[in-house]
Each structure stands twice: as C-alpha cells, then as structure tokens.
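Just one chain follows, in the form predicted on its own, and it is written as structure tokens.
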Amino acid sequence: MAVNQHKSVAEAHRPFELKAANFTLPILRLFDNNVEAVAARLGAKVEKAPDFFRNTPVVIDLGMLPPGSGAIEFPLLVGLLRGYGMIPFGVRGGDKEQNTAAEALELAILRESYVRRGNGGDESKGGDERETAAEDESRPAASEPAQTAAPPRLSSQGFMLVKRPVRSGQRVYASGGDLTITAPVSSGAELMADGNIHVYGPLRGRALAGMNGNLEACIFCQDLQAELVSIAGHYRVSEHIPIELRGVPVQIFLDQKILRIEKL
C-alpha cells in the first residue's frame, strides 16, 4: 500500500509527459520543383488573407513530384514560407536525397499518418478551405520562367565574379563557392551562393548565401536595399530590416542560428 501511494505522489509531480497525439497540419503539395512558380502563386494568395497564414505550421509534401525530379531548393522554399509568416515544420514523401537536404535545414521527415490527406471525406468545409489555401497554391503558374544571368563559371579558386549589373528577373548562382558582384543588383534579381556573397554596389534584389546549408556563410554589401536576405535558409524580408541598416554597408551572418545584420 505504501509503495502504491509513493508511486501516485511521484506521478503527480513528474515534470513532463511524452505522448503521441494527432494534429491536423496544412500541407504545401508540390507538383514540380519550380520554386519561382510557387512564389508567384503563393504570394498572390497570401496578399488576400495575410492573417490566415501568419504563424501557421506547414508540411511540405513531395509525394506528387515526378520521379527523378531532382533536388529541391529547400533554402529558397523555406525562406519563402517564412517570409510569408508560415512555419515550415517538416517534409512528407520525396526520395532519400530530398529528405537528406530537408534534414540539413532541420525539417522533420514525417510519416503519412502525421498529416491528413487532401480528399478526406469527413472534413468540414472550413478544413477544406484551409488545406486548399496551403496546397493548391503550390501548383505551378502558367508564366514565363525567370531569366537567368549568364555569369562566368566558377574559377579554380572556388568563386564567381560578375562585373555587370544583375537585372530584374535574372538569377546568378555560384554553386560550390563564393559570389562577388561589382555592379548594381536590381529589384527582382536573385543572387545565390553555396558560400559567401559580396556586392560592391546597391543590393535591391534577393541574396541567399549558404545555399548548401553552410551556417558560416555571410553576405557583405555596400548599400543594403534588399527585398530578402538569407543565410542557410534563415531569412529576413525587407519589412523586418531596420531603417538604420538600409542604404549603408553591412555584413549579414548567423549567430546561434539567428540572422544578424551589422554595419561595416
């Protein structure tokens, strides 16, 4: 009797309880890996109801991607969702390579049972609307693909140098090294690098360093006017960049996985 009473007292004061539970999570179902198309459609949807998406956990569903679709630009996709106020929670489906890339950004790899299917017959109308908002906007838009700048290839030292302006709609990607731009970067342009990014001029587009998950990557620019900056999937959109850091030379880096922007 005394033993049972002791167990009851101990259980009443236990610090936590770990149990399995069922949650309904919205999913973003990808039909191809065109992140630009996802951005265009999702942006239009969020503009109509920004509060609907704020602080909403989202599961990225890769199960409908065609076989052999290749790598997903998870840093860009995760940053896109965070920029719209959503919280990327995990990934469902996909191949081993895609799952490994998702894990590098600390996304959970989920089993089928963790999220509901898109055509559940017993769901309410409200539930259908929430899932439609999260899933249907992932279908690629019928739009022209973004232009890609044609910069020089990576040098033997592992960096790419671009001496001409990067215009709206152009994308420059330094795969496996650093990227240096010695000319202006226009609004709507996109810079990406597995290493660091240096911009010796106005940076008005988007800059994403550490695309391969490199937490040590940095962004340096002479005139910060960017729409979005990112280090290894950790993003800051223009609305969340303090006014005193805009239009001045800055360095952007991660400190304990928190994106920092400091004047040079």
Partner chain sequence: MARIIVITSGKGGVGKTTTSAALAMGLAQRGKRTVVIDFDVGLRNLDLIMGCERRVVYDFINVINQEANLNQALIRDKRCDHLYVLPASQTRDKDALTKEGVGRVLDELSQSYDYIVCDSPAGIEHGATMAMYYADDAIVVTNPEVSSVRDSDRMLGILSSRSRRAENNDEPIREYLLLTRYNAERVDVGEMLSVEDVQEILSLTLLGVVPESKAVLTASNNGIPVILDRESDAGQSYADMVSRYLGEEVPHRFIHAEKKGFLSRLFRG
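Note that the structure is a prediction, hence the values are computed from the model and not measured. Positions refer to the first chain, counted from 1.
What comes next is about the form predicted in complex with its partner chain, which does not appear here.
The chain is drawn here without its partner chain; in the predicted complex, the stretch among 167-175, 67-75, 102-110, 84-92 whose residues come within 4.5 Å of it by any heavy atom is 167-175. This chain lacks the partner; the member of R236, H198, R29, R204 within 4.5 angstroms of its partner chain in the predicted complex by a non-hydrogen atom is R204. In the predicted complex, its partner chain lies farther than 4.5 Å from every heavy atom of T182. Not displayed here, its partner chain is approached by E227 to within 4.5 Å at the level of heavy atoms in the predicted complex. Residues P184, S186, S187 are the members of 171-195 with a non-hydrogen atom no more than 4.5 angstroms from its partner chain in the predicted complex.
In the predicted complex, the Cα atoms of E97 and E190 sit 3 Å or more nearer to each other than they do here.
In the predicted complex, the Cα atoms of A71 and A209 sit 3 Å or more farther from each other than they do here.
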